[in-house]
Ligand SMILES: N[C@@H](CCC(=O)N[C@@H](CS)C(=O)NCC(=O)O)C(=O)O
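Heads up, the chain below is alone and in the form predicted on its own; it's given as structure tokens.
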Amino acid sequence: MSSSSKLVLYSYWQSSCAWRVRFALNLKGLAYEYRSVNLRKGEQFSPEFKKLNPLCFVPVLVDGDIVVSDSFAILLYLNEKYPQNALLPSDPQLRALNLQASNIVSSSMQPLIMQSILKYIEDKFGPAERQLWVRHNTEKGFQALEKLLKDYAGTYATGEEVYMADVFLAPQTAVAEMRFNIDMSKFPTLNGIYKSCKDLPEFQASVPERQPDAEL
């Protein structure tokens, strides 16, 4: 991996948003320091972390004097600052497709099934309603992504190279399958993309259970 000791990633092992950034850093071959922010213990609300991200979310990337929060912004920053192993293709159509797929995950899926949202729903309406909410919003997003990518996907989301769409899709698919028991066989294109990503060493190194703060 490239020596870049100034890169620091504030992460939590179970955060799918932080998982995306770990995957992307590995794909780019960038070394980084992992700093755990335990969301269950409320460490994201500490004064120190609030200085980095007033929204109190992980991930946060620190690159020297530059601080970037939000996984979408971090990936765009990494792609500009460290151009090796590009996360976006040069073809304008495929580039737009990657951004669109990434944004569906980032803004139309993951925020609706954050643990704080799910806890609120369960407290108000019970565990059955919580699961219905997860299933509805996850499958709605996957249905859109399946239609969007089915005519463009190859080994990966938009062909034979790993790009940003894969970086967003693979962790989200893993969470849907393992944490929420979503049947991915209903989404064959997405399921194929996920299986391809699972074979990548860069993905395997980014999985939650291999992080230093993992609680197994």
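Numbers follow the displayed sequence, beginning with 1. None of these values were measured; they are calculated from a predicted model.
Same protein, other form: the form predicted in complex with the named molecule, not shown, and the subject of what follows.
Exercise. Heavy atom within 4.5 Å of the named molecule in the predicted bound form: which of F57, F187, Y32, Y156?
Worked result: Of F57, F187, Y32, Y156, the residue with a heavy atom within 4.5 Å of the named molecule in the predicted bound form is F57.
For this session: Report the residue, out of V62, L39, I182, L148, that has at least one non-hydrogen atom within 4.5 angstroms of the named molecule in the predicted bound form.
Result: Looking at the other structure, the residue within range turns out to be L39.
Exercise. Wondering, does S206 line up within 4.5 Å of the named molecule in the predicted bound form on heavy atoms?
Worked result: Residue-level check for S206: no, no contact with the named molecule.
Problem set entry | Partner proximity in the predicted bound form: Q44 to the named molecule, non-hydrogen atom cutoff 4.5 Å | Close contact exists here: in the predicted bound form, Q44 approaches the named molecule to within 4.5 Å, heavy atoms only.
Problem set entry | the named molecule contact at C197 in the predicted bound form, heavy atom, 4.5 Å | Result no; C197 lies far from the named molecule in the predicted bound form.
For this session: Check whether L25 has any heavy atom within 4.5 Å of a heavy atom of the named molecule in the predicted bound form, and answer yes or no.
Result: No.
For this session: Among 86-94, 70-78, 134-142, 120-128, mark the stretch whose residues have heavy atoms within 4.5 Å of the named molecule in the predicted bound form.
Result: Stretch with heavy atoms near the partner: 70-78.
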